[in-house]
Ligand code: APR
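Okay, so here's just one chain, in structure tokens, the form predicted on its own.
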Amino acid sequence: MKKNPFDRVEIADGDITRERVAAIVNAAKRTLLGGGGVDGAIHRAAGPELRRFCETLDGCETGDAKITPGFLLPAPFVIHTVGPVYRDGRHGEPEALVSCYRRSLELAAEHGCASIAFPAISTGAYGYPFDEASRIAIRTTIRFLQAHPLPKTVRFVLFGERDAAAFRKVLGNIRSEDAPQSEP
């Protein structure tokens, strides 16, 4: 296993519904019954069985996560997490976004998932500023990986090379900040 948590993080431009990982994360609405963006794409790709299963879960609170089978997706599991709607960053949005990533990683580990793929939670229709959200995503993931052996690989799958490049830059900056400083 790769010991350095930074070596366990991958960033890609792609379609999360095609990821061949143990679990993909759905940036879901509180009802868990589908919607637009990533949520709608995952529900369409998984087939109607996903919605039927989600109807039994009684929704999900902001900052929490629930796991379902992947049905027709290549990933055996879907972890649904409800991100915060961004207002101004002073109404609990950062804490809720941290919780989304942490709860998703906890569920992946509890279910023995060696790999997981995340979208950029809350950055679309929920309006979370992309740079701030990417820092929260990377920092929360690195902290989790420092303390847990699973998942072995965390992949951020972004929509477009520009967003993937922005995530790579944040990952590099955080790696530099966390690197041991050499003595003069």
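This structure is a prediction, so every number in the text was calculated from the model and none was measured. Residue numbers run from 1 along the displayed sequence.
Another form, the form predicted in complex with this ligand, is not on view; read the next lines as being about it.
4.5 Å heavy atom contact, E161 to this ligand in the predicted bound form: Although this ligand is absent here, E161 would stay clear of it in the predicted bound form, with no heavy atoms inside 4.5 Å.
Proximity of T123 to this ligand in the predicted bound form, heavy atoms at 4.5 Å: Contact check for T123: yes, within 4.5 Å of this ligand in the predicted bound form.
D64 within 4.5 Å of this ligand in the predicted bound form, heavy atoms: Output for D64 is no: heavy atoms all beyond 4.5 Å of this ligand.
4.5 Å heavy atom contact, R139 and this ligand in the predicted bound form: Contact check for R139: no, nothing within 4.5 Å of this ligand in the predicted bound form.
In the predicted bound form, the one of A28, L50, A133, A117 near this ligand [non-hydrogen atom within 4.5 angstroms]: None of the others qualify; the residue that does is A28.
One residue of A46, V38, C54, L145 in contact with this ligand, assessed in the predicted bound form (non-hydrogen atom, 4.5 angstroms): Selected residue: V38.
Within 97 to 114, the residues that have a heavy atom no more than 4.5 Å from this ligand in the predicted bound form: Nothing in the stretch sits within 4.5 Å of the partner.
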